[in-house]
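A lone chain, given as structure tokens: the form predicted on its own.
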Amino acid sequence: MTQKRKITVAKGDGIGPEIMDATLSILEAAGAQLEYDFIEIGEKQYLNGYTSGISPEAWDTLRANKIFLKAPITTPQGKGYKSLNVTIRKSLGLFANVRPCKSHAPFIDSKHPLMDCVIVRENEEDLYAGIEHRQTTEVFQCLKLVSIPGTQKIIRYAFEYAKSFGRKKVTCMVKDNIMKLTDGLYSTVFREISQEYPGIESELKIIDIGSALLADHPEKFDVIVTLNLYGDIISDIAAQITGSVGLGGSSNIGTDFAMFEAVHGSAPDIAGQNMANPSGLLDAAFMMLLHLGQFEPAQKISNAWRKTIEEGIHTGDIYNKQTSSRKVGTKEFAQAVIDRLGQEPQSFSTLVLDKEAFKPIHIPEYQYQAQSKTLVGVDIFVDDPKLSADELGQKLSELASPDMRLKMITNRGVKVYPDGLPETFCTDHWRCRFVSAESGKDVNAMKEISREAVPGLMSRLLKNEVDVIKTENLYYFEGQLGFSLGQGE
């Protein structure tokens, strides 16, 4: 007999306890070999003073078991509360968020009956690093951080997932025509890694048109890999157009840990009323069983759920007079699935899992490769609500040292000095680019400056009542630009 695997379980808030109890009852009836350590997370823990929604003792349990089945939680309104999902994902290195999105037409209404795609979303970086600052009276900043190891891991995971699950195509969605360094890294790495998988078709899409195509023709996509924010948005779109976002589960995969959860929220307005659909959490539990290699109960649960759906036994969120035969509550739906364990659907294809086809996905450890960098300038950000672009440019040019010169000033990324347009709207936030006095107009042939030149320049500006709020050094990496140009530079 297979030894039982101990996992961590959190029943969460709102409808969480109801759908978790329903899911665990199905897992037990299907013969899943599991033992549970229950932890308390979410609203109660927030209100107990844990700003991330989880206690140190719960962390210990999570780290010991390494597998987490989690129901939705409620984050109290107001400032000071951190997202528990983001905290767990980043703290435990859960770099890949995987959301299968499949239509179940005609039994669950969908305009896209052939849809069957998987969104693989990077889970730790991008704008979700959560590094934000208010820099001036008018301007706020959020840093978009994208790393080489993070990009390589998620793109390689997408191809390995496609290979393991028999998927034929991987699409990468980026905005590299605008964000040429961050999103440009994604497209470059995607092209490189795709060469290692000649049996899998690969394509690049700009995120805006890619999202439009996903909403209009989702059947044309198979596996989609993308950055954190884009993936968050399009995975909800994809789940919704299958028929209901409430049916979707997701897995969060790391090197040593994994978390499985429903896509939807805690829905406190229907909590305790035996109305919630447990399908999203059950789908997450199904993915957990696959991750643990427990294929037999996973197969039984999937086929029993499909059998229940095709017989029209539906909770209120998906009930439709034309396709449903009976409206049921949370407990009754779970019992209907249990009653059909061992049966096969007639209209849906029967799921048959081949143990040999599922190879554990292994992502090689990143090997750091140092690159030489050359300091060729500095962007000094200035808060000034009074001076015009020309006035500020003249002042800073006069304050520049003999070995440094002011090359340009931008406002919200647009060049406003020298030769700016009077129609450009300006805020109180100025990026002032200083380079070597010996550098010409060619940004690919700028001269090196000393590290001492930057603090010397800053000191001179501060002594002359220039409000310096931030600096960013400008580097060449192996001779290649490590910074973006201003619009109009």
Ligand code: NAD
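Residue numbers run from 1 along the displayed sequence. Values in this document were obtained by computation on a predicted structure and should not be read as measured data.
The following text describes the form predicted in complex with the ligand, which does not appear among the structures shown.
> At the 4.5 Å heavy atom threshold, is Leu229 in contact with the ligand in the predicted bound form?
Looking in the predicted bound form, residue contacts with the ligand do not include Leu229, since no heavy atom lies within 4.5 Å.
> Is Ile73 close enough to the ligand in the predicted bound form to count, meaning some heavy atom within 4.5 Å?
It does: once the ligand is placed as it appears in the predicted bound form, Ile73 has a heavy atom within 4.5 Å of it.
> I'd like to know whether Gly265 contacts the ligand in the predicted bound form, with contact meaning heavy atoms within 4.5 angstroms.
Yes.
> With the partner left out here, check for me: in the predicted bound form, does some heavy atom of Asn97 sit within 4.5 Å of the ligand?
Although the ligand is absent here, Asn97 would stay clear of it in the predicted bound form, with no heavy atoms inside 4.5 Å.
> Taking the ligand in the predicted bound form, would Asp183, Glu203 and Val223 all count as contacting it (heavy atom within 4.5 Å)?
No, because Asp183, Glu203 and Val223 lack any heavy atom that approaches the ligand to within 4.5 Å in the predicted bound form.
> Picking from 360-368, 255-263, 140-148, 374-382, which part of the chain touches the ligand in the predicted bound form when contact means heavy atoms within 4.5 Å?
That would be stretch 255-263.
> Counting any non-hydrogen atom inside 4.5 Å, which residue from Thr410, Asn277, Thr242, Thr308 sits next to the ligand in the predicted bound form?
Residue within 4.5 Å of the partner: Asn277.
> Identify, from the list Val414, Leu387, Ile270, Leu213, the residue with a heavy atom within 4.5 Å of the ligand in the predicted bound form.
Result of the distance check: Ile270.
> Let me know which residues along 83-110 have a heavy atom within 4.5 Å of the ligand in the predicted bound form, or say none if there are none.
Result: Asn85 alone.
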